[in-house]
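Take a look at this one chain, the form predicted alone, written out in structure tokens.
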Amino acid sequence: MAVCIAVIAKENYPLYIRSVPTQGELKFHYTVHTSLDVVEEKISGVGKALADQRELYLGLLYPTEDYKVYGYMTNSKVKFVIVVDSSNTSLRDNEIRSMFRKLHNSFTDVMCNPFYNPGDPIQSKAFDSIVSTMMVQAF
């Protein structure tokens, strides 16, 4: 399903970025970092209702010719970005939401690890395997 999955810290530096075609990794780094501007726009939207502020799923951030970029932000301002191939038209919004839920649950497990220092890059094998399964489902 996903081509690239990224976890971005509150201060907008990457905690984890993984992409499937490794030859285009730099392009995905650029795509993820440009999506952070759209995330900031969506968060700082003036006149939001109280129910909208509790919504963690940010939806489609922006589409490009080849990819669609989706966003999610935790209560602690950690951002998740998933880049999906545009040719995958069968992917629905609720499937993207479930991918973010799995990613958030796995991220919570990483944060609960007493040996993990918050702010360090994520090097958990369990987290990596969850991300791998979310990426393999597309291929």
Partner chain sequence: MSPAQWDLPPELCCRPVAFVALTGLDVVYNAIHRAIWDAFCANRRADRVPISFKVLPGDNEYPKCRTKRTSYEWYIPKGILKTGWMNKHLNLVPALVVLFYELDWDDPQWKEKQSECATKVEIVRTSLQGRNTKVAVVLIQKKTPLPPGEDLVASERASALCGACDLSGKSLFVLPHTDHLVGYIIRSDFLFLNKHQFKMGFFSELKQDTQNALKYYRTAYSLVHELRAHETNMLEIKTMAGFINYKICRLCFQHNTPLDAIAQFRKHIDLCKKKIGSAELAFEHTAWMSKQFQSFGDLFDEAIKLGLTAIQTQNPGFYYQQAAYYAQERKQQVGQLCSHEPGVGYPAPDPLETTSGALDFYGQRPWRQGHQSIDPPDSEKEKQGILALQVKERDIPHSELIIALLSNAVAQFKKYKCPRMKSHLMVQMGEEYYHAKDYTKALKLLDYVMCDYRTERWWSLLTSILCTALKCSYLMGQVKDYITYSMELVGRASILPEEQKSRIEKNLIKVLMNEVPEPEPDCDPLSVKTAQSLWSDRISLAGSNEFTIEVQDYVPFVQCKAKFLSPSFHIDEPVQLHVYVRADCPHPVRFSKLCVSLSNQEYNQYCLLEDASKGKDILEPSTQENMCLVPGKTRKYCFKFVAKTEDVGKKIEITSVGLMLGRETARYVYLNWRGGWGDAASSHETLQACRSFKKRTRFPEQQVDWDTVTIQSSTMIISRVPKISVQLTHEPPALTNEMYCMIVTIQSGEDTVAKDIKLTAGLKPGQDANLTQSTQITLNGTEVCDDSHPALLPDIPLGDLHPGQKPLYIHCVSTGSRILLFHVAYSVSATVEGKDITCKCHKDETVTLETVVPYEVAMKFVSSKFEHLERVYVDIPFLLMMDILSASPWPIELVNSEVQLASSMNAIDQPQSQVEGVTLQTSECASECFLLKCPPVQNGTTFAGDHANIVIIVVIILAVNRHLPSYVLELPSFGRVRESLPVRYHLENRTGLVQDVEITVEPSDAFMFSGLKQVRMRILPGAEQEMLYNFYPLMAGYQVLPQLNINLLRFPNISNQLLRRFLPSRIFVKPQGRNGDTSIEAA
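Source: prediction; values computed, not measured. Residue numbers count along the first chain shown, from 1.
Keep in mind the form predicted together with its partner chain is missing from the figure; the text below concerns it.
Its partner chain in the predicted complex is approached by residue 117, whose closest heavy atom lies within 4.5 angstroms of it. At least one heavy atom of residue 32 is located within 4.5 Å of its partner chain in the predicted complex. Mapping the unseen interface onto this chain, residue 122 falls outside it, with no heavy atom inside 4.5 Å of its partner chain in the predicted complex. Among heavy atoms of residue 129, none comes within 4.5 Å of its partner chain in the predicted complex.
The candidate site formed by 1, 84 and 88 is entirely out of contact with its partner chain in the predicted complex, as no residue has a non-hydrogen atom within 4.5 angstroms of it. Using a 4.5 Å cut-off on any heavy atom, the one residue of 64-84 that reaches its partner chain in the predicted complex is 65.
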